[in-house]
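Presented below, as structure tokens, is a lone chain in the form predicted on its own.
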């Protein structure tokens, strides 16, 4: 059964600008955000997931995006080391929760930046690591050394797709959803060579965070506004679900950003 960590949006808001989606003059509707978060939680529970909650903290509006807390591997978590000072306060909160809930917390050296499952996703036994905008390539290699797995760093080149999970979503050990234009030419070649079954997202749906999906078995949960992706998923044997997450898109996040798989990413094979 999938175990997923979420954080209620009690203190969520656009309090700073650290990616192109964020604009402090375009605030999220707090009541609507709370409703959308609850609908996502309820949908995931209806698909059989168990939701555990991280207590929100005033002054940490992006704590709601639990995917960035760390990368889970078995009973270990490689804790994130955030690039932007605005998010660095989340690290102690995340570390305390993981420790209290039975995870072995491991930290990277201070010279590395690493933003958890936002930039580190398994497809099969290979770890695909996004770098350049938030995490760095050396950090991804260090994560691979810690958990003993093969790592393929992928350079992200579009600031709108600043985390790997905004443009890449493993579905099974041999299949993934992706938006090719978020990667440099080498990264595109790597993905095409390594993953035999690829579902390509068009730009308009990528802007609706189509790739930022939560996979629970054969069910795939996305934001609204992704009809072509849903058509392709159905053709590939998956069951897509949509739920509105517009208020979180304003901060550069969607379904995947709001969740962290505590049992490891669905496609991982440890």
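Just so it is clear, the structure is predicted and the values come from calculations on it, not from any experiment. Positions refer to the first chain, counted from 1.
FYI, the form predicted in complex with a small molecule isn't displayed, but the following is about it.
From the list 239-247, 39-47, 213-221, 59-67, the contact stretch for the small molecule in the predicted bound form under a 4.5 Å heavy atom rule is 59-67. For the three residues 179, 202 and 230, a heavy atom within 4.5 Å of the small molecule turns up in the predicted bound form in no case. Proximity of residue 87 to the small molecule in the predicted bound form: non-hydrogen atoms within 4.5 Å are present. Using a 4.5 angstroms threshold between heavy atoms, residue 252 counts as touching the small molecule in the predicted bound form. Using a 4.5 angstroms limit between non-hydrogen atoms, residue 166 touches the small molecule in the predicted bound form.
Under a 4.5 angstroms non-hydrogen atom cutoff, the small molecule in the predicted bound form lacks residue 114 among its neighbouring residues.
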